[in-house]
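Just the one chain here, the form predicted on its own, laid out as structure tokens.
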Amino acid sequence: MHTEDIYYEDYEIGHVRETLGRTITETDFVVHAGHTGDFFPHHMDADWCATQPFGQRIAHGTMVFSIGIGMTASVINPQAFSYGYDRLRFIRPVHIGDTIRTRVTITRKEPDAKRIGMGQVIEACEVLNQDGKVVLATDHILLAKMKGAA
């Protein structure tokens, strides 16, 4: 990780970046269940899951979100911060042994209506599996300082 000043004006609509991959393990399932208290059989009971439509355990959606977004955190930008996420969707299941990566595309920019000197940058975040299929999608809202306000 490194620090870089990136202002609202520096973000370009259409810019795409992609993370490296990370393989999901059984340990990820167990640790996430322990952190969240979500021990539903869909995530933890291999025998029960064998009788269900997916045929095997599926990753917690919140875990896929956390890992997928966490992989995008590669630059510390003192001029911006995360405002939140919109339109979060779990599109396909993720299983133990799947490798995920995240593609981030800047789709929109607009001055922030409530904060003078700040702008909203919308990043479409798509978590992809090893086959390149989208398993999770969400919009990340980033608040960035405008150069004139710095």
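All values derive from a computational prediction rather than experimental measurement. So that there is no doubt, residue numbering starts at 1 and follows the sequence shown.
The same protein has a further form, the form predicted together with another copy of the chain, not shown here; the description that follows concerns it.
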query: Taking heavy atoms and a 4.5 Å cut-off, does L20 contact another copy of the chain in the predicted bound form?
result: yes
query: How about K109: is it within 4.5 Å of another copy of the chain in the predicted bound form, going by heavy atoms?
result: no
message: Against another copy of the chain in the predicted bound form, would P53 count as a contact residue? Criterion: heavy atoms within 4.5 Å.
response: no
- prompt: Contact between I58 and another copy of the chain in the predicted bound form at 4.5 Å, heavy atoms?
  reply: no
message: another copy of the chain is absent from this chain, but in the predicted bound form, do H35, Y83 and L88 each have a non-hydrogen atom within 4.5 Å of it?
response: yes
Heavy atom contacts to another copy of the chain in the predicted bound form at 4.5 Å, residues of 1-29 in sequence order: M1, T3, L20, G21, R22, T23, T25, E26, T27, D28
